[in-house]
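Following this are structure 1 and structure 2, which are two forms of one protein chain, each written alone as structure tokens.
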Structure 1
């Protein structure tokens, strides 16, 4: 009996060398990546204090304001040119009950000082004087006395052209209750526009994706050469649409149809065709082939096989994928507004550009609440359907 052990083979160096080579490649990739992206953790740490006021403003969104009561009164005013004869003063309107405003003189030229007097306003109330024509120009602040009167001297802007104007005084008194701010009302309206923007965009993408998804299903199209060519063309079409970022699509659509929600709808629809077409096609490919074989054996046509063997199996998944896509589109719709696609993103980028962080906080919190609510609702519906 030979109890001799077989000679041991020397350990191969291929494994350690391959591992070492892989580590070197990864190290070189990360070193070059940090250099290209200019990652600087020191700048991050030292720059964090600059976000202090931004974070505080975002945590204090502009939601409600004190209700105010406004009183106003106006009177006609004539601006004349630098030279020339003095035209007759405007006719004084008949006296009427309530606040009234008088101007001395009633005719002046750009750069002149005029005196504005008012009476019968709310007592001890601040206000503003405006020069009104096509638009309005703020001339100065006022505060009424205990009798509700005021007298203020203001200077006409030097760039005012000759013509008929109105001088208007407005006083504001804060009340003891709060009302929704203009920012909140505008954000709610644009958030509603965002939700329906996503809904219409999803609807258009579903309409086009459903018929195309059958052409992109391998188990339905891989028979004849024409079917295989149709399958590959459909899948290539889906991948092409999905590969183009929705922000790029909305910029293109804004050039075609103009800036606004319609451009956002088209961008979501185009991108959604690629995404939903792929999901629908994969849902069709994952169905049970048994019913297809059984109905095909009865001599049914291709359309009958799809109607009675394929459609009943894919309806729940199609509904689930559609709800999921609508959820995604709501989040996308808040972003495409940044580049002219309408919705709440359009006003959000303006708040950020103007450094109005409290107003931006209102829009951001509203987006977060709606997205979370949509995500929860769609998840519950998908769970009950699938």
Structure 2
């Protein structure tokens, strides 16, 4: 009965010719692509050694430092133009208990050598002498003797301007334990900010995308008045938001609300509404239509149908998608700081610009750990609920 076959195409030269043409086009495309992207193996190979230092530094992140005890003491100091016509030295403050510093002479001109003497510091301890103005300039290193005194000759910088200064001596004694470095503390604080930035951003996008996702679900909207228009409008809206990268939105939002974490939150929220809205809508579209039909047939209203036939079917998927989004957002939040959106990226980019690779390493390791942990946690939770 059924011996009809689809007619086979006559063999022709077109096949191989088409293949050849395809190969040619591909070759041209890649040739052009390599040129515009400046792919250059030579640069890669010769440049690789430059990475050596960076990688080594990244592998030694700035995490903990020896705990130190600091002692300091200061005294006023004047810089004047003429060393010849020196005004009377400022009155030395009354001697306090504890370490003290004296300077000879206490009025000097730029480039002069001055002598700094200290007493009653901790014995046998290294330290540093600073010239204090609005900022501070390091003048030299010292070490106290067995009695806790030191005397050092230091040179005033030649470009120091006339004015009233302080000279301060600080000695540091290393203690026998370690404390988190400033970098680590700062990084941890900003990492926390990053996680919450992702959380708040995700929450905002969930709040807005859940109601919108129902409008973007074909199976719910096609029956309703203006359903088709609403459906296409919602879907277009989602696609539009989704197609603008978070980093770009951060920059725009930073103009609106200023640089900082709030700009990042808004950017994650805006992009997330598009991404989650689409995922949610598709989850709604993939549900079993049977219960919808059954509940509709009982005389329930449209809202009741959604509450009883749609919602129970989508809850697990919605939770899974939300966790997935939060996971992505934590990752995004680590980089939005690069463009002024708050979070750990904000200091990471500073460390990198200052070539402080050990410090950058601290931030990078922290990011890696947190992102991996989030990844794992959200996978575990998703497995449990679906």
Partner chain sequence: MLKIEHLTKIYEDGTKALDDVSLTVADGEFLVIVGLSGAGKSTLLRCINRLVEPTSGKIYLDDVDITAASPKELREIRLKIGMIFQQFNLVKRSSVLTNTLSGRLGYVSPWKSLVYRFPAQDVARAHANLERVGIAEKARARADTLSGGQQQRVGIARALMQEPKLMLADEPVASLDPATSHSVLKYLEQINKEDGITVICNLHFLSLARRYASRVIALKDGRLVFDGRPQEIDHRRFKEIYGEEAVQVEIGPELTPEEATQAP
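Numbering follows the first chain given and starts at 1. For clarity, a rigid core is taken as the largest C-alpha set superposing within 1.5 Å between two forms. The shown structure was predicted, so the numbers you read here are calculated from the model rather than taken from an experiment.
Only structure 1 of the pair represents the form predicted alone. Rigid-part membership, decided by the better superposition fit of each C-alpha, is shared by residue 57 and residue 199 in the motion between the two structures. Comparing the two forms between the two structures, the rotation angle of the smaller rigid part against the larger comes to 13°. At residue 103, the distance the Cα travels between the two structures is 4.4 Å after the core is superposed.
The shift recorded for the CA atom of residue 223 between the two structures is 2.8 Å, with superposition on the rigid core.
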